[in-house]
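Single chain ahead, by itself, as structure tokens, in the form predicted on its own.
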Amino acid sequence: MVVLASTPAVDHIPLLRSPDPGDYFSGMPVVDLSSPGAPRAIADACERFGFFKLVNHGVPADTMDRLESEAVRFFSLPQADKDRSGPAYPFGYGSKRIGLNGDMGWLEYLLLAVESASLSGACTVPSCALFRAALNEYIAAVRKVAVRVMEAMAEGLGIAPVDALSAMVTAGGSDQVFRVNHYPPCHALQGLGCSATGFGEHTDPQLISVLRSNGTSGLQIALQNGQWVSVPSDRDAFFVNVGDSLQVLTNGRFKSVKHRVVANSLKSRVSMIYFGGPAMTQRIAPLPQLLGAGEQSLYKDFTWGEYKKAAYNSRLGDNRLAQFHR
């Protein structure tokens, strides 16, 4: 982390060394979802990195572009208009402040509740009919991708039934969230060799996250040796993260990936993320099919509701699973 005298534009936001070309993740796994080998490739990527790039996913480019355009239009509104859609507690518009525990980032965002395959009727933000229509079309499509990926995960792990994992996000009462992030260019730091933290390092507490962004880079993941690498942007692909709950369900076989976003000094970054979580009462414990003879669970049992409460009471960078390790 870079330590500099405070710059008013980024006051209270941690600064990081700006990425350079040597930081890019040359070994990133790329999975073709249409390939017969996808299940094994997904399982391998989740074991090695907890992260992979997904291509040939079947979501039309128009569906992705329409949502991006509506998001850009929303974030271009006067600040007073955007503020009327907040605060993001629990859902709505937020700016710079991430959660309630002091985390800050160079971003603004919409945090939205999903019910089944569309925005929850109780989620009144955004109010624009065109934006909501674009969101619902995209959410329905990306949720299907998440389900296909989780079915492939089950196949790659050799467990049955095929929906052993995906049923947790398709069942009634599943806890699904959708997030739209906008990272404005941070011109104040241009040429200084450092960048503002867009979203601080963390793991996702849910089962799975499916992300798509525009052509601006900024996403970084931590390899298992602790090295941070930058993920080359690809607006036609999705990027899939293993979450904490999936790590527990696989008894540590799949790795929940630590990641962060570095703000760009010249270009805006827009990202859209679907978070698939189970129902609040869902028990989170290693699947019996994945425990070998005599193998014990690495974790204490808990429900998703219990873990979500613990996660949301923590700071972004905390090891949220630590208190649940045996």
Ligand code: GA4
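One-based numbering along the sequence shown. Because the structure is predicted, anything quoted here is derived from the model rather than measured.
Keep in mind that the form predicted together with the named molecule is not shown, yet the notes after this line are about it.
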Classify residue 138 as contacting or not contacting the named molecule in the predicted complex by the rule of any non-hydrogen atom within 4.5 angstroms, answering yes or no.
no
Touches the named molecule in the predicted complex: residue 299 (any heavy atom, 4.5 Å)
no
Considering only heavy atoms, tell me if residue 199 and the named molecule come within 4.5 Å of each other in the predicted complex.
yes
Taking any heavy atom pair closer than or equal to 4.5 Å as contact, tell me whether residue 126 reaches the named molecule in the predicted complex.
no
What is the one choice in 252, 99, 87, 184 with a heavy atom within 4.5 Å of the named molecule in the predicted complex?
99
Would you mind picking the one in 179, 82, 132, 143 that has a heavy atom within 4.5 Å of the named molecule in the predicted complex?
179
Exactly one listed stretch (214-222, 199-207, 159-167, 232-240) reaches within 4.5 angstroms of the named molecule in the predicted complex by non-hydrogen atoms, and it is 199-207
Relative to the named molecule in the predicted complex, which residues of 291-326 have a heavy atom no more than 4.5 Å away?
311, 312, 314, 315, 316, 320
